[in-house]
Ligand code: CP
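Just the one chain here, the form predicted on its own, laid out as structure tokens.
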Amino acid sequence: MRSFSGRDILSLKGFEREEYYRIFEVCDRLAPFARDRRNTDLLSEKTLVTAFYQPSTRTRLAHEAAMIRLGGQVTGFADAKMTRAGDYYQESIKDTVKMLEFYGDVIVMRHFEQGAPHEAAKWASIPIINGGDGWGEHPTQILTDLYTVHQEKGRLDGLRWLAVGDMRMRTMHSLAYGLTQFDCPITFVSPPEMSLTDEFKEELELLSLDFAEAEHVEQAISEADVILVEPVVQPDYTKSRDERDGDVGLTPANYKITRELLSGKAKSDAILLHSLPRMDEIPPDVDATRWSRYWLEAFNGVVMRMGLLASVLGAME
């Protein structure tokens, strides 16, 4: 198994099965600090740099909270418009990263351009963590989801997944890559214009993912052990900021997970995930049901980032 020390976390494509379990093990060891709201001095001599070219709540703050829990320091930016990368100069990723590497020991980057963190990793002498790149991938979110399922179910192999939403999303790409390492059949449900591309389906077939597609959640929810939902009402992820302009529409019934649907169709022990933010695809009255795990997912987002930071900085090798 490859060492995590000094390693970039850019994609789940090529992530090996044993590596998932290694990160899960590290997370298990660090979770008590987050659960008990305690800090440790594990990374007291390290600094995290956040480079966020797109808005973020959970991904940026979870990384920052994780670093603080581990005793480290945080610096960086949450709005590229406040930097030379976002003003008149439009400073390049290379020049920005070559500067940021002197300010800390690891960089987490979110960018509206697919592949931007990969470009950063070419020039940085410190690890780069992909916090979401356009329509590309979101590896730390799916590592969080897989860890949540493993914690709740005690396993990953043999679980059936249902993924509902926009299949162009970075989370869906990372999910598909992640599940190639486990015996996890998955059904994708999305509007036709948001379905898996032919090229991506060919790639998943080559990677031996057992997947199917359906037009309505009701066609697959009864067999699902894990239901992962994302919005079908989406911003344009190729923009640095895509704010609402008037009515953005509502989620069609085909792609909504309601309390009635769960009560009537879902397995009693199925778990429901959502990386958030949500629109109306999961109504608030689902929050208090036995299926919802998205608040636990949010907690585990801190734990997973603790595990990744401790691993790539060599403190938990």
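All values derive from a computational prediction rather than experimental measurement. Numbers for residues come from their place in the sequence shown, where the first is 1.
The protein also exists as the form predicted in complex with this ligand; that form is not presented, and the subsequent description refers to it.
None of the heavy atoms of S44 is located within 4.5 Å of this ligand in the predicted complex.
By the criterion of a heavy atom within 4.5 Å, T59 is counted among the residues contacting this ligand in the predicted complex. Among heavy atoms of R110, some come within 4.5 Å of this ligand in the predicted complex.
Interface residue remark: Q141 is counted as part of the site for this ligand in the predicted complex, having a heavy atom within 4.5 Å. Remark: of stretches 51 to 59, 32 to 40, 284 to 292, 64 to 72, the one touching this ligand in the predicted complex is 51 to 59 (heavy atom within 4.5 Å). Residues from 271 to 309 that approach this ligand in the predicted complex with a non-hydrogen atom closer than or equal to 4.5 Å are S275, L276, P277, in the order they occur in the chain.
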